[in-house]
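Single chain ahead, by itself, as structure tokens, in the form predicted on its own.
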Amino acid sequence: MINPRLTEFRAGATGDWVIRDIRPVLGPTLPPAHALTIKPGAEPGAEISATPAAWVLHGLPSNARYTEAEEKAALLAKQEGLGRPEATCAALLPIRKTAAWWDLPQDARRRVFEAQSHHTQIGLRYLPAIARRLYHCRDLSTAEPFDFLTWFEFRPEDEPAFDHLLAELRRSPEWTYVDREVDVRLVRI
């Protein structure tokens, strides 16, 4: 059965995005691949191509779970969507958090996310140049190797700002709960 919200990220020999680099940030990396295809409305276990995949990740876009109403309004007022013609660079950041993170109650995770780490406030400073969509994968199956997949798109000249955004987030208390992260950089064909 096809889930219209389930999105598949398939890395292999062909795709809509060329993979420039796959960098392990923390923990094991992903296997090398030449290109990436992103397919919304994926059918779990179904092949979208006869070409073998180096790796396949799945995620579901969801509501903003740690964002309060005022923050959501600020994000919506400033952010632009994906697929802008000038945004020819992208990054896929698969992330897994520790058991200690998931053992925290929701309100404690919110405090780490925003009150201590200022995740939303940091992100707002880089809008509208950097567009993003978060995909949740933790609850799909125990076979999913990551908890979140974050997809970013930006213009080539905004890549230094994107790197700065990542550096700020990686210095935050929230990132002490990350035990695996891979940084996949891409360009649109």
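Numbers for residues come from their place in the sequence shown, where the first is 1. Treat the numbers as computed from the prediction; the structure is a model and nothing was measured.
Keep in mind the form predicted together with another copy of the chain is missing from the figure; the text below concerns it.
Of the stretches 31-39, 118-126, 151-159, 57-65, only 57-65 has residues with a heavy atom within 4.5 Å of another copy of the chain in the model of the complex. Contact check for residue 5: a heavy atom falls within 4.5 Å of another copy of the chain in the model of the complex.
Residue contact with another copy of the chain in the model of the complex: residue 86 places no heavy atom within 4.5 Å of it. For the chain shown alone, residue 26 is not a contact residue for another copy of the chain in the model of the complex, no non-hydrogen atom being within 4.5 angstroms. Although the partner is absent here, residue 134 lies well away from another copy of the chain in the model of the complex, with no heavy atom inside 4.5 Å.
Along 150-189, no residue reaches a heavy atom to within 4.5 Å of another copy of the chain in the model of the complex.
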